[in-house]
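Shown here is one chain on its own, the form predicted on its own, set out as structure tokens.
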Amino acid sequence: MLGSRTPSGPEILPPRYARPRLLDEALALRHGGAQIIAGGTDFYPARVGRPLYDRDVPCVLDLTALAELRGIQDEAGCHRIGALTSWTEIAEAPLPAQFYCLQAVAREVGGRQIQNRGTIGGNLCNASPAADGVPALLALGAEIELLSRAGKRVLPLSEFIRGPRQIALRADEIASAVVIPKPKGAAHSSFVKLGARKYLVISIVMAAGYLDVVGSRIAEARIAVGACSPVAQRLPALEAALKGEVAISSLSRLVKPEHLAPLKPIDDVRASAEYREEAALTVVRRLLEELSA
């Protein structure tokens, strides 16, 4: 790679670039302070107007050659999605109805080029308040697997994302997989996104919902809303109201304004806080209509 020359100083060389094929090598580089890059769809836009590499980074660690961090496995009690799995791979995978919300997300993240390059792990580690994947994975009860040379640990997604661009990833760790538990009954899910257009747009409001149905009644419900808080939020009061209901009844009637109390919408260039608050109520009701269909 070429360096750059400052007007009054010597040439500044960028840090070393590494694309290991072995996980042990990647973990060793990460232990030494390497900066991670996966699909690059968030990494490069974030560098606009800034140097491409931070001066204190000893190595840029490209994870894309690590085949063991890619793909979807059906395991005992859970599905395991490698952190490097692309949105296109998720959208096209033969997954059960439980994953409809995540596959809907995969078809709406950016355009086709972004879907081909962007990874599920990168979407979570970028920790944008408007990250489309987060509400869907919260609704699915996802956990995130983190690896380092010291071993493995697993965190609920709600504990991993701490705030805008803030995650519980330690300096020596790599996010390796997303783990999603299997349902007890017949589960299905859905996703509704409100933006200025269908694709290539940052969400104004989005919501994902999951119902685990045993017999004809809802045994468990998870509803999550994104782009209306610093971190996407589940709606526990609404989830409690849904539990025990007949799954094919008109569930949208149960949604009350007070159910959205966990949300903290803001004013920005895409919408006002007042609009988001009203839109979130409509989006959640529409989501419940889809789930009860």
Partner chain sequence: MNEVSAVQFSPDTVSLTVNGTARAYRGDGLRRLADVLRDDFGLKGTKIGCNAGDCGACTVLMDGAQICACLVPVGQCDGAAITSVEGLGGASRLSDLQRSFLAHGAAQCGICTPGMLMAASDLLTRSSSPSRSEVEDALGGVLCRCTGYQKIVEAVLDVARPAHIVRDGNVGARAAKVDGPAKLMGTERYGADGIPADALYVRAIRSPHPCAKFAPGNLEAFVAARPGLVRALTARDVPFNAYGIYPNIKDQPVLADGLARYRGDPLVAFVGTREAIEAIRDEEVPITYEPLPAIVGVDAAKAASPLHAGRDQNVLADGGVTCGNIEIVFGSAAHVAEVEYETSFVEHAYIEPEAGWAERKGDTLEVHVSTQNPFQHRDDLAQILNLPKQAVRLISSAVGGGFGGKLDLNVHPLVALAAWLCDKPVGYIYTRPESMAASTKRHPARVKAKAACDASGKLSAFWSHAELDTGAYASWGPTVANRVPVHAPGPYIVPHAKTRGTAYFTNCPPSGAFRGFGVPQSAIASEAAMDTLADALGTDWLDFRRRNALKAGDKTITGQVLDDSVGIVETIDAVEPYWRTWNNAAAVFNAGSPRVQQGVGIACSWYGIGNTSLSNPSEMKIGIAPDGRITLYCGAVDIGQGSNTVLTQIAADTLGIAASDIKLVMGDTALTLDAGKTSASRQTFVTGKACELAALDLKAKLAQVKDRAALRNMPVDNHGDVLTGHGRFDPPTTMLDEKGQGVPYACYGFATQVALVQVDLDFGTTKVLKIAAAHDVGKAVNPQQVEGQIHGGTAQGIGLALMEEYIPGRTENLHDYLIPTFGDMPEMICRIIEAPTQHGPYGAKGVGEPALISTAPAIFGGIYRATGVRVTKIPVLPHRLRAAIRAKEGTR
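Residue numbers count along the first chain shown, from 1. All figures in this text were calculated on a predicted structure; none of them were measured in a lab.
Absent from the display: the form predicted together with its partner chain. The rest refers to it.
In short, of 130-138, 168-176, 183-191, 110-118 it is 110-118 that has heavy atoms within 4.5 Å of its partner chain in the predicted bound form. Heavy atoms of every residue among A18, R50 and D62 are located within 4.5 Å of its partner chain in the predicted bound form. Proximity to its partner chain in the predicted bound form, defined as a heavy atom within 4.5 Å, holds among A241, L29, V231, A247 only for L29. L200 is the sole member of V154, A150, A97, L200 with a non-hydrogen atom within 4.5 Å of its partner chain in the predicted bound form. Among residues of the shown chain, D54 is one whose heavy atoms approach its partner chain to within 4.5 Å in the predicted bound form. Among heavy atoms of I37, some come within 4.5 Å of its partner chain in the predicted bound form. Contact between A104 and its partner chain in the predicted bound form is not found at the 4.5 Å heavy atom cutoff. Interface membership of V214, defined by any non-hydrogen atom within 4.5 Å of its partner chain in the predicted bound form, is ruled out.
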